[in-house]
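Shown here is one chain on its own, the form predicted on its own, set out as structure tokens.
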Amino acid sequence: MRKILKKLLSAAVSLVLAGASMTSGTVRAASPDETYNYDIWGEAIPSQAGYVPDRAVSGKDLGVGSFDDPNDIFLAGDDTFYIADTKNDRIVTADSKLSHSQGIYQTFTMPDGSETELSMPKGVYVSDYTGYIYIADSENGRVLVARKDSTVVLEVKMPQSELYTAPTFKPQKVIADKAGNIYVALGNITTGSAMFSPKGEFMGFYGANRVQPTAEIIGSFIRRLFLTEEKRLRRTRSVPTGITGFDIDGDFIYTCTASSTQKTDTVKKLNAAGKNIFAEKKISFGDNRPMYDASKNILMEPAITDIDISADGCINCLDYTTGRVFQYDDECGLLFITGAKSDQLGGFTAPAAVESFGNCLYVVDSAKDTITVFRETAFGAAVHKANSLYNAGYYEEALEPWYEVLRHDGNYRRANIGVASALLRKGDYKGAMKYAKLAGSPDIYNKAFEGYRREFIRSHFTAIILTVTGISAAAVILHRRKKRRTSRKEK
């Protein structure tokens, strides 16, 4: 009897713990081969993979010896990869297939003819407009701008300006726009990226993150209103998080922050004036709910450490916490979730950078000292084809590709939205309502319902009029009869 009671008690405890884990709003951390997406309620559900791990490339595979803490990767316009091999103090170049190295940048010739070497370079960028290589030479406290023959054309160092109050200048990432203006992400700066002219003149800061408006910060602000000036000066100020990575696409600069406590401005799309185009979308990048790591008993909040904009406009966000790449379309619709924190192929220990080329994604792991190549699946190709047509405004042309996606995965929400939009354009309002309901899209459903109602009234107009006329006539006749009966009773 005691054994039975113990078993029942054990089962009850298990159920309670299971219920507690469900109400906590977390999901278990998945392995690289367990792909998922989100349904209309924001719940994680199994899904087809858009990308699968193909191979991991090391420095030895490229013929340059082992990498040591690589931190960045960039694909130039001539399809050459540039890899910031940080602790080896060098930039390694490789062919587009990552099969062999095409050269190493380690020593450069300064304008005065002297030679200089890199020290812990953490970021690299190559401009299609200037043709220069931009290197975030972190430990040397500078950005080097050089030709491909290793001759330096510009050295950007710590600004001598009242606006720049930080004690150090340690570039983490660097990019340049069409005009040759240089943007530098600095780990110790929270006022945005430092911006320099093509001549290296400091122009100020660009794209600062906003402070997360938590209840604590709002309460602190209200209390400050009633403090004396002396007490205000003593209080600790709330500051935004710094920019940790960025990419440039045409006239827009995309930034991200790896702070796991920051909920605002984790990913931004900035125009020339520094305005965040994504600010009004109210989108959360990364997992909808924190991942739960059972082995460490911790919640893993998203921390977007790097960002890449692919040739077709997709936004690839690398989450350091979970080791996953979250791919969105240019309207911030989630397409795929790829990768994980794992020792096996397709998993990462310390993901540092992401890049895209053709139908592949490339993720740098600074702890494993490798670059993992993910190749697109047939499902991924179908989604990208349909999504490109849809976002270009070719809704009807995208209809069949969206059906192909649903044949792979009937729960894929983005496809249901695409089909609903295409059917709405075609005038198939009943079908549009069906797929809008599956997608959980009230906007499309309401538009389809309005169209369906208009169409119903138009096609049944005569019958409706006759029915209304008949009902009205019957009502008048009944009213008159009732009136006559009432009059007779009164007499």
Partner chain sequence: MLDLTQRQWVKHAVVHPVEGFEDMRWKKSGSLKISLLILVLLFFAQIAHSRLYGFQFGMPNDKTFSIVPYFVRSFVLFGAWVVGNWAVCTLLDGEGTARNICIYSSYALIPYIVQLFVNVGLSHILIQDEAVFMQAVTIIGTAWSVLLMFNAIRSVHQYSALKTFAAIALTIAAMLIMLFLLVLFLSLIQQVWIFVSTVYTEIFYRTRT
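Numbering follows the first chain given and starts at 1. Just so it is clear, the model here is predicted, and its values are computed rather than measured.
As for the form predicted together with the partner chain, it is not shown, yet the points below apply to it.
Looking at 444-452, 47-55, 418-426, 63-71, the stretch with residues near the partner chain in the model of the complex, meaning non-hydrogen atoms within 4.5 angstroms, turns out to be 444-452. Within this chain, G440 lines the site of the partner chain in the model of the complex, having a heavy atom no more than 4.5 Å away. By the criterion of a heavy atom within 4.5 Å, W41 is counted among the residues contacting the partner chain in the model of the complex. No residues of 89-117 lie near the partner chain in the model of the complex, the criterion being any heavy atom within 4.5 Å.
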